[in-house]
Structures are given as structure tokens and as C-alpha cells.
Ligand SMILES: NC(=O)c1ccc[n+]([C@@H]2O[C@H](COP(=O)([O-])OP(=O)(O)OC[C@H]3O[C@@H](n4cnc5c(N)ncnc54)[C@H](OP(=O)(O)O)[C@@H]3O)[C@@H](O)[C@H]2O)c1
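First, one chain by itself in C-alpha cells, the form predicted on its own.
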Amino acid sequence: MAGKRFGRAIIVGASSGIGAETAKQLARGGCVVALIARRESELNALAETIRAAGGTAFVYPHDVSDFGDIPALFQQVCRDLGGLDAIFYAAGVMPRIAVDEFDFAKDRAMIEVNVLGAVAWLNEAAVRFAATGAGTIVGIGSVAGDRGRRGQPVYCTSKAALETYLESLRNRVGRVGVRVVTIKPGPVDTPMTRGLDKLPLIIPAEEAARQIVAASERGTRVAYVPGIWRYVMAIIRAIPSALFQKMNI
């Protein structure tokens, strides 16, 4: 089923990977996009690419862990765009963790960027959209949130927390017409995943973004990207915990 195209959207975490490709896909469809991330040079380059193709993009350098700046910045972006139809939270970090490593600094960064930054930005959108009875909130999670894996304990935790937050948000604001979409990609070829061991069913970031935008426009509640991961993860979730502990998947 075809969905309604967005006219104005915020993409948090737009400087590379899934966020950048999502911004391009949205702009290609006529959406005016606000690009938000730490790396200003990458944002400017992306904005120039979008403008060269006939699109409209605004640039806002911002570190999502600067939580106190978010309320005012959100309002500024909405004013600059002339309104807001959708917000995509694509910011995320996954530092390399050795098999015997427990590094609180890395763990804290994952929680701050992957969870707290999402809550800070999406809470602002929820307030605005709930007041108008319309709008779409999109959170980019991961299949990693479906089980606690030995290789990335806190990354898995952060994505599981994001999924629960999005479900709770959906149950709260969905009653007044706001759509909340949880995206759960499998491995995607991005700077974050490069250099890792061979990943199963990996897809290009451009294809992931195409599927993310399509699912978001349809208002799909939970979308695995690509869809085969829905069935793969159903099997993995069904593995008993004692058995799963012995496996390295």
C-alpha cells in the first residue's frame, strides 16, 4: 500500500550511512529536509548534493548528547522548515568492543547517543505532533535489540531500550493520530559496520534507506529491513536462553 509523502522532515544523524541516504531519498521525493549531526563538513557536502539535484536542505551542526540544546534547536528547525511532518532518529554509535573488554566510557557513549539522544529529540516531536493530531516519528533501531549478544552487550541493550521507548510512545500518542515507526535493520554497509567480520544478508545503505522511507510513509509500526529479518529473528528469539548462551550468533 502506497503511503503519503512527507513535505518537511528532520533527520537526526544525517552526516553518513543510513541517515544521509534517508535524507537523499526524502529530498528526491520533494521533501524539505533538516540535516542534523556533529560533523558540519559532511552535512554541508550532503546538503550541496541535495541542492544540486533540485532539493532543499537546511544544515544544523549538533551533538545529540548536548541534551540541553535540543528543545530550542527543535523549535528553530520547525520554524525554518515552516512546519514538520516527520522526524527520523538515525544517530547511533557502536564502538569496537574486545571479547573480554568492559569499557564504561564506550558503554556510556552508546546509551547517550543511541537512547538518550533519541528520547530528547523524539519527546519534542511527540509534544508537537500530539498537539496537532498528526505527524510521523521514526526511530532506527536494530535486530541487535532482539537478543542480548555476547559481542556487544550495551549496544544490544541500547537498541532494545529504543524499541521499548518507541512502543511506549506509540501507545501514548498513537491514540491522537501520531504514527510511530520502529525500523529494525539487519547489517547495512555503512562506516559503522566496515571492518567487521563478514556480516550475513548485508545490504547497501541506499537500499536500506529506500525501504525505511517506504515503511515510514506507510506508517508501518515495526519494519525489519530487509523483511527477511523478521523471520530470522523470530527463530533466534525462540532459542532457549541456556542454549543461546552457548552459541555465537
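Start at 1 and count along the sequence shown; that's the residue number. This is a predicted model, so every value here is computed, not measured.
One more form of this protein should be noted, the form predicted in complex with the ligand, which is absent from this view; the next part is about it.
Of V180, V64, V33, A209, the one that lies within 4.5 Å of the ligand in the model of the complex (heavy atoms):
The residue from V180, V64, V33, A209 that makes the contact is V64.
Does at least one non-hydrogen atom of A37 fall within 4.5 angstroms of the ligand in the model of the complex?
Because a heavy atom of A37 falls inside 4.5 Å of the ligand in the model of the complex, the answer is yes.
Indicate whether P191 is a 4.5 Å heavy atom neighbour of the ligand in the model of the complex.
Flag for P191 set to yes.
Closest heavy atom of P185 to the ligand in the model of the complex, within 4.5 Å or not?
Yes, P185 is a contact residue.
Would you check, heavy atoms only and a 4.5 Å threshold, whether I87 touches the ligand in the model of the complex?
Judged by the heavy-atom cut-off of 4.5 Å, I87 is well away from the ligand in the model of the complex.
Based on heavy atom distances of at most 4.5 Å to the ligand in the model of the complex, which listed stretch, 90 to 98, 171 to 179, 127 to 135, 70 to 78, is the contact stretch?
Result of the contact check: 90 to 98.
Suppose contact means any heavy atom within 4.5 Å; which members of 9 to 48 contact the ligand in the model of the complex?
Contacts from 9 to 48: G13, A14, S15, S16, G17, I18, G19, A37, R38, R39.
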